[in-house]
Ligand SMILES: Cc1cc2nc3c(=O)[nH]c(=O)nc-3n(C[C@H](O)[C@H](O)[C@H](O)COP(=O)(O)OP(=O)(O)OC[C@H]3O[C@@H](n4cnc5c(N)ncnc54)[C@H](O)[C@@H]3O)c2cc1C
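Have a look below at one chain only, the form predicted on its own, in structure tokens format.
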Amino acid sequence: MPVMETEVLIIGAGVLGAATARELSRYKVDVTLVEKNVDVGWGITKANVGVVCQGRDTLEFRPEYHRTRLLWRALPLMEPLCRELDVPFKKVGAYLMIRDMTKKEKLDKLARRTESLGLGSDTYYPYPELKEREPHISPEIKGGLYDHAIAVVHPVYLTQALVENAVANGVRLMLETEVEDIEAGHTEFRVRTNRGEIKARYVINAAGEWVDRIAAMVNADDFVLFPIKGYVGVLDRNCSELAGSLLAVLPEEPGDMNIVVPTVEGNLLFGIQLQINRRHDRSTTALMARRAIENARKIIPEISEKDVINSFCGYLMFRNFEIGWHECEVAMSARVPRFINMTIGYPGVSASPGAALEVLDILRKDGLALEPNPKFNPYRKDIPDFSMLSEKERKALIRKDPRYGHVVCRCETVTEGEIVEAIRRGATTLDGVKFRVRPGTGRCQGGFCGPRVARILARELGIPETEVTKAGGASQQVPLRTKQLLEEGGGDG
């Protein structure tokens, strides 16, 4: 196995690792980013609902919390960052609502605290006025506190853009590279992976769901994490008019986060049921689905099971009880010098730019020379979204590349040109294409366009269709052709 050397090794290409890699690419530092999956942003990041919050949406955000300080540092950065990277950023506003007037005092307390912290002022709307602003809300809602600054991003799009820009500025990306063991020396770490050994002066552990397991390899697990599983449902884009803002109800039961969230693409998400669970178990159950939709109907009664086109589960890694469920860990290990752990829990995407800057502060304080990279280019251009272009823009694009005139996914109006560009930028699987340009995210969920995308992937990658996978590894979609199945009786028997 080869041995590679790097100054800073980042483990995990989720949003935290990606944001840190991009910040480090501003400087003349040799940085390597390793990710065990076949693509970036596929761990905890992929299941994030993408709300960019202000840190005032719950009374649990306290100035003394580390994660609160990271969040407030990050919030002014997110919109400019999305502009630089050409990532969709949509201000939607949010209503935190009540169904019981005895809870109005909690909203009043939140409004007073928000103002006292200098975070602006929120406005309370009683039901009749709220109904005028959000016509589909339930008549059982008594009123809601409006925060105009809430926005949404797509967490995977943001992560892809951060990594693309970091790589363009010199960061080395290694996919399908899993860390198996780490040995700490006096001046360097020796990190054993499935693709060989990497020597690094600093290690930044941003391994998401597995951050504590990676830390434990080198005795740097100075913290305890609890994996909290959450369920999220996805509504058809035809339901987009049901909510123009993020709509949430103050939790009425332990574990409930009863919200309806618009996405940047126009779908609505709903959920979330939170519970301690075994990590990596992403199964959904009928009970989760039933409770989530029952709760969503307490906000919008018109929501129907027939409009649910997908659902998924993800994890938040929360800190131990003694220091608060929502505290984070972004710090150099007290036991192992030059080993930095990064885990935020909630709200990881919102706080990611602040967390990345904090890591740079830690590295600078420890003596890492951060000399500016004169070739750093902060800008990155996104793949053209054919469905959002004007007729004139579409014709111009087709004249430039006729493949943009071939619609592959009818639900989302995704063209062959977009799919080929997604592959050129690193997509090697059906999910890789799906999470870049959206074929398979509409009503049919890939039932019609999936085989066409697989054919394009096979052609562009120069591999047989039988080798095209959903998400890498052993996730082949077409292990045998129909003729082979008939001739070989299914291949196995």
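Quantities reported herein were computed from a predicted structural model and do not represent experimental measurements. Residues carry their position along the shown sequence, with the first being 1.
From this point on, the text means the form predicted together with the ligand, which you will not see here.
Q: Since exactly one of A215, A207, V414, L247 fits, which has a heavy atom within 4.5 Å of the ligand in the predicted bound form?
A: Comparing distances to the ligand in the predicted bound form, the residue within 4.5 Å is A207.
Q: Of T32, N48, T429, T441, which residue is found within 4.5 angstroms of the ligand in the predicted bound form when only non-hydrogen atoms are counted?
A: By the 4.5 Å heavy-atom cutoff, the listed residue in contact is N48.
Q: Considering non-hydrogen atoms and a 4.5 Å limit, does the ligand approach G450 in the predicted bound form?
A: Taking the distances in the predicted bound form, the answer for G450 is no, it never comes within 4.5 Å of the ligand.
Q: Do G43 and the ligand come within 4.5 Å of each other in the predicted bound form, heavy atoms counted?
A: Yes, G43 is a contact residue.
Q: With the partner left out of view, is R436 within 4.5 angstroms of the ligand in the predicted bound form by any non-hydrogen atom?
A: R436: no contact with the ligand in the predicted bound form.
Q: Flag T177 as yes or no: does it have a non-hydrogen atom within 4.5 angstroms of any non-hydrogen atom of the ligand in the predicted bound form?
A: Flag for T177 set to yes.
Q: Counting any heavy atom within 4.5 Å as contact, can you tell me which stretch out of 113-121, 298-306, 344-352, 378-386 lines the ligand in the predicted bound form?
A: Stretch with heavy atoms near the partner: 344-352.
Q: Taking the ligand in the predicted bound form, which residues along 6-21 bring a heavy atom to within 4.5 Å of it?
A: Counting only heavy atoms within 4.5 Å of the ligand in the predicted bound form, the contacting residues of 6-21 are I11, G12, A13, G14, V15, L16, G17.
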